[in-house]
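The chain below stands alone, shown as structure tokens; this is the form predicted alone.
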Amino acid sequence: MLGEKRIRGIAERVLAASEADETEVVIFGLEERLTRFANNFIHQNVAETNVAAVVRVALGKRVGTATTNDLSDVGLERAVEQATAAARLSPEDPDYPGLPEPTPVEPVEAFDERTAAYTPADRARDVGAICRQAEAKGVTASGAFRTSVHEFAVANSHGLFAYHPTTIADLTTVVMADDSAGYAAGASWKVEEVDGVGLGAEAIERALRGRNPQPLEPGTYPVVLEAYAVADIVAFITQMAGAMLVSEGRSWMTGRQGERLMSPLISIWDDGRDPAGWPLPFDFEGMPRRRVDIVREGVVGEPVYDRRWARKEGKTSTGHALPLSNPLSPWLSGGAAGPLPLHPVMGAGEHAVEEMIASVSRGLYVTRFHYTRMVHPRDAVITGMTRDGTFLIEDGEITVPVKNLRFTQSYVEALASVEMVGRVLRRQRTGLGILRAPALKLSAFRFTGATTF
């Protein structure tokens, strides 16, 4: 970990090397350690340490970028030269909003010393407990446990500087029996909140209960979706909640703001300052993040904005600019999607999963979705399949495991049929950070095909 002083020094060296009209540098620091396990054994422990700088320069409205992890004076100067050369060769960008003036950003705590100091032996202890549980039950566990330190900083030639250090821990496990599997996952910026023993027991119980799955005819069924499956719904819904996608007609929100499209039990928002998630108080232009209500009690709310799209539509940035590039985490890069939420939450309700199951006369309990892909963004139609624990519910009780089913379903339509919302929000690591979601009971979900497993 470099710390704020050294990262500020890197930023100052970049800015001093540039003669462009405007210059910005976004710095990413990463210390990541990962323990993988399979067949009830740890088989890999890896670590990565890296720091990268993304330089953006503007010559009038001609903009160029360059990326480097060579932080020597020569390396940083070369990146500035490459960005400047790219700007000279680029056409003018009429929508370039310029770089922002310094804006106050209130810090938020998201750094945990214990997580930062977690060792391979610490992770091995936690993973070993899962493997021993699985071996004792005659099943096999696999998965990964990761602990990381991240540093984010944004600086520009107008005097803006923002810095944020943070930690994160996440564990995922899949437990296999001969003809069944169970899944569990958890994440937090505090490693003590990732309960490896509990997650292992959860996955083991699903794998044991899922043995000898029976075929089931496709059709429309009431469903109880575990938070893992709901997380997939929330991810797709919020990935289409950026101003660019909405403006260009590539979102389920387009032309529907203010309409009630979902159950009044459903509220979805993005909040980069909430310590219950994975806080990052500013975006990658250095703008403070604001909470945005994407769905409020079933009613379509607002998309999220960066400065470009705020300027185009006469709005104010909500602090949701993505980085132009991030070689340390390629999933976290801007481009075709424009601004996007990184801290999505679906609000909790009042029910336990057991109450949801008890209310179903005949339906399905689904642990999670797998291999989901977009079919039609306008209505958020998604295709995919169930995985790692799908069960028949009869007369308010889980009875037999069933083979996985394929589905093609509008997630917006599905959320319109929500009848119960779980009282517990589960944290799960996604490509964009940590997502929080409850379990749901839906009156109808459309399954279109069966699988052989």
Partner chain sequence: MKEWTDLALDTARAKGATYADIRIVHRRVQQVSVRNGAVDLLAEHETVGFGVRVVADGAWGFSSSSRLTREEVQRVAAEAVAIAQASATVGKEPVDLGPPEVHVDTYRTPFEIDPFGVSLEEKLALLLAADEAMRRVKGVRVARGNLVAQRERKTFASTEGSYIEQEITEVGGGIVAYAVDETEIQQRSYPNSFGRDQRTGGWEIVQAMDLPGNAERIASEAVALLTADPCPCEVTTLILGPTQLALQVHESCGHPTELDRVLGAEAAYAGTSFLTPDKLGAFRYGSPVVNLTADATVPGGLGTFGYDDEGVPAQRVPLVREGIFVGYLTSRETAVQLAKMRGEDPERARSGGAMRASGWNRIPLIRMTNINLEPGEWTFDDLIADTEHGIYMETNRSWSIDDKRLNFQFGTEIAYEIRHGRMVRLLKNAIYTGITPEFWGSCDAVCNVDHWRVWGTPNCGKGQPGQVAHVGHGVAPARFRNVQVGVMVN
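Small disclaimer: the values here were computed from a predicted structure and weren't measured. Numbering follows the first chain given and starts at 1.
Heads up, the form predicted together with its partner chain isn't pictured, but that's what we're talking about next.
- Interface residue remark: residue 164 is not counted as part of the site for its partner chain in the predicted bound form, having no heavy atom within 4.5 Å.
- A residue is said to contact a partner when one of its heavy atoms sits within 4.5 Å of a partner heavy atom; residue 298 fails this definition for its partner chain in the predicted bound form, lying far away.
- When its partner chain is considered in the predicted bound form, residue 143 lines it closely, a heavy atom lying within 4.5 Å.
- Residue contact check for residue 377: one or more of its heavy atoms lie within 4.5 Å of its partner chain in the predicted bound form.
- Only one of 281-289, 258-266, 67-75, 347-355 lies within 4.5 Å of its partner chain in the predicted bound form by heavy atoms, and it is 67-75.
- Exactly one listed residue, out of 98, 138, 102, 128, brings a non-hydrogen atom to within 4.5 Å of its partner chain in the predicted bound form: 128.
- Though its partner chain is absent from this view, in the predicted bound form it lies within 4.5 Å of a heavy atom of just one residue from 248, 195, 293, 205, which is 248.
- Residues of 288-314 that come within 4.5 Å of its partner chain in the predicted bound form, judged by any heavy atom, reduce to 309 alone.
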